[in-house]
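As structure tokens, one chain now follows by itself in the form predicted on its own.
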Amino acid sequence: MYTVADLKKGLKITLDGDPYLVTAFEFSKPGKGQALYRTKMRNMITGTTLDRTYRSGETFEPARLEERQMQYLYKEDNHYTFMDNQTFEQVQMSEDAVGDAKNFMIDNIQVDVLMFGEKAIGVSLPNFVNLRVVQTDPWVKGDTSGSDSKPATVETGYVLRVPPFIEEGEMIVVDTRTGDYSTRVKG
């Protein structure tokens, strides 16, 4: 069990049966009376934000979260399907829960899925993924008037800026934390 003294940004707790992430925290001690702890928390399932004030002495239950290594299989309608590498069980996750990770997920990629009980609530990707460029404008040799990058669409449909020498069909390395081009795939 956590007490209000344990509250800090990034702490994951269970509140009303749902996992919450503490996003902001402020301690105040009025002239007389008990100390107050003002918190801002985000529901890790629905994404809603909550503002709560607690007094010293209150307790919280830690969120029972587990990260499991899984393989992304396919997308059907607005749901993404993953397979647990240990048990071969399949879990589905909504497009909202997957978030921006959908821009970098190709079939059979290994990801870490955040589980709350038996419910999948988030995805962590590797820091870098290899993606194929499916559409970009050709580079005209000697064209130095333009900028030093051009838009390119990768196989997932994500659009990013790449150097002018990148051509359609090439494999590039993309940083999943920023969504930026990193380098060409060698070989």
Partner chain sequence: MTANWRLARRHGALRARARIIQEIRRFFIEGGYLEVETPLRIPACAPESHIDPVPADGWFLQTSPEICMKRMLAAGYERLFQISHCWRAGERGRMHVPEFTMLEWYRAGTDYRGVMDETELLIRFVAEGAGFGGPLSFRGKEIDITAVWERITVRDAFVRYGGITMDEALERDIFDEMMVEQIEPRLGIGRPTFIHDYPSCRSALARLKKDDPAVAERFELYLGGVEIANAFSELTDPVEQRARFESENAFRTSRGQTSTPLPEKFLAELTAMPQAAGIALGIDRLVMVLLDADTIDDVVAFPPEEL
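Note that the rigid core is defined as the largest set of C-alphas that superpose within 1.5 Å between two forms. Residue numbers count along the first chain shown, from 1. Just so it is clear, the model here is predicted, and its values are computed rather than measured.
Same protein, other form: the form predicted together with its partner chain, not shown, and the subject of what follows.
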| item | value |
| --- | --- |
| F27 within 4.5 Å of its partner chain in the predicted complex, heavy atoms | yes |
| Any non-hydrogen atom of L36 within 4.5 angstroms of its partner chain in the predicted complex | yes |
| Contact flag, P138 vs its partner chain in the predicted complex, heavy atom cut 4.5 Å | no |
| is_contact(Q69, its partner chain) in the predicted complex, heavy atom dist at most 4.5 Å | no |
| Contact residue in the predicted complex, chosen from R55, R64, K40, R161 - any heavy atom within 4.5 Å of its partner chain | R55 |
| Proximity to its partner chain in the predicted complex (heavy atom, within 4.5 Å), stretch among 27-35, 42-50, 121-129, 150-158 | 27-35 |
| Core-aligned C-alpha movement of A35 between this form and the one not shown reaching 2 Å | yes |
| After fitting the core, D180 CA displacement of 2 Å or more between this form and the one not shown | no |
